[in-house]
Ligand SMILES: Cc1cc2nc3c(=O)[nH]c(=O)nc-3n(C[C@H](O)[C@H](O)[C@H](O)COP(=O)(O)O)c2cc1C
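Given next, in structure tokens, is a single chain: the form predicted alone.
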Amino acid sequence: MYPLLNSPLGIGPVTVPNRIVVPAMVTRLSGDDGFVNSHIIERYRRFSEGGAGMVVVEASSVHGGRSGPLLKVSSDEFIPGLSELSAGIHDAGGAKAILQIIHFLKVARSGWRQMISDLAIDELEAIPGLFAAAAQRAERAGFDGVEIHMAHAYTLSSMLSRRNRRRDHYGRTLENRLRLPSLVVDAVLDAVGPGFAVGVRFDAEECIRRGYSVADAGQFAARFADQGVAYVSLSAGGKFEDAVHRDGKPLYPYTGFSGDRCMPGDSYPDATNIWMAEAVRKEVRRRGFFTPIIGAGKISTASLAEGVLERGAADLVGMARGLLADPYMPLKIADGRADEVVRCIYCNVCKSLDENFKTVVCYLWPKGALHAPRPNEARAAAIWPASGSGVQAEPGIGDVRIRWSAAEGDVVGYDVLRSEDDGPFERLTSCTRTAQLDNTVVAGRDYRYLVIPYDSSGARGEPAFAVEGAIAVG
């Protein structure tokens, strides 16, 4: 099953064993010193152990200075820890280890932020060298490549932005906005060996007023492809321009609409940003380049990812929150056990933890867990109690509340499925509590529900129907 998703692909000088990518995700596991620690190594080991083809390690700063709980690659003192991290990824599985490298500007708790227009020419022209030196350190630390971070709210993204109004040769026009990012790509490619992959990640759409969309993104991708990058990874939004300032806290670039589009929650359709990757890929191919494109944005199932690849919308699929919920998804898919995947419900608790500078974990993990449980960890199967599931559905005024008894064993959650007008049962959500409100029903239709408990490995128990007959919503 899923022949494309499980097939290898060359990205520049390296080959990934499958098309499943762990995009860079903030973990908040690092201390303020920027050094790798055992918790970070364990988090990334599990992604590789779980079978992903490529693991992109969270953004690591190319320059010194205060940065909060963020990894650093700004001097040689960080190489030993990064070497342990890359070795941990390689030892755990077949994933290629990529280090994302980032340059960012200052932000303050007052809401003030440094702008690219504040930087002098010599400050801008020092940036390519910082990225080149960081890439060399990543290569010495044993990584397979680096990913130059040009997305979201950070320096290179701000250079690419249509909101870049610098009046010199680094702003306003398309070519000028591309100038510094292009210099960074050239500097990094020149600094590393031929067997080291250099990718870029940027927004396919800024998702802000007067920001750029896929027309500009296609031009960016074609330029970087022409320069020889190994791959182009596409995100969306995550900008400071529409961020909500909260007293006493620095701006967090994922609080506005652009933040929603960067990490679309449960109210957005599945694969909501893939049309952007498809448009950019089409432009890159039209210009004669075959650089692999990574698409992402609310993709958490193998069938959905396979469909993205089948229609040529992307060459690899980024599944950030889906793989946070279950790092062992790729192995389960390859083994024909897709029904055992712990599926992300896009509640964005992980996003909220990041926003509040707390360690990022998944809502669906066992309570108190710092990492996702391994499938082979000892567990008691999730089963309904001897008294039965007690599942019942109660129609309300324009909604239906489903309730059930707590299952026994190593229970970490419940899948809730719904059938409409005698149609097939489809997943409504997953949750950890023993009740769920369905507020997406419509009058004049009949609904049936079933609930399935699952354990920490994702193994499902017996399904229990809410009612034998259908519920008519009035």
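Since the model is a prediction, treat every value here as computed from it, not as a measurement. Numbering starts at 1 and runs along the sequence shown.
Keep in mind that the form predicted in complex with the named molecule is missing from the display, and what follows is about it.
Q: With the partner absent here, would 25, 235 and 360 each sit within 4.5 Å of the named molecule in the predicted bound form, counting heavy atoms only?
A: Every residue of the spot touches the named molecule in the predicted bound form.
Q: Given that the partner is absent here, does residue 239 sit within 4.5 Å of the named molecule in the predicted bound form, heavy atoms only?
A: Flag for residue 239 set to no.
Q: Given that the partner is absent here, does residue 346 sit within 4.5 Å of the named molecule in the predicted bound form, heavy atoms only?
A: Residue 346 belongs to the contact set for the named molecule.
Q: Might residue 113 be said to contact the named molecule in the predicted bound form, defining contact as any heavy atom within 4.5 Å?
A: Residue 113: no, not in contact with the named molecule in the predicted bound form.
Q: Could you confirm whether residue 296 comes within 4.5 Å of the named molecule in the predicted bound form, counting heavy atoms only?
A: Although the named molecule is absent here, residue 296 would touch it in the predicted bound form, with heavy atoms inside 4.5 Å.
Q: Where does the named molecule sit in the predicted bound form: which of 281 to 289, 303 to 311, 257 to 265, 88 to 96, heavy atoms within 4.5 Å?
A: The contacting stretch is 257 to 265.
Q: Scan 137, 149, 72, 177 and let me know which has any heavy atom within 4.5 Å of the named molecule in the predicted bound form.
A: Among 137, 149, 72, 177, a heavy atom within 4.5 Å of the named molecule in the predicted bound form occurs only for 149.
Q: Find the only residue in 145, 327, 181, 318 having a heavy atom within 4.5 Å of the named molecule in the predicted bound form.
A: Selected option: 318.
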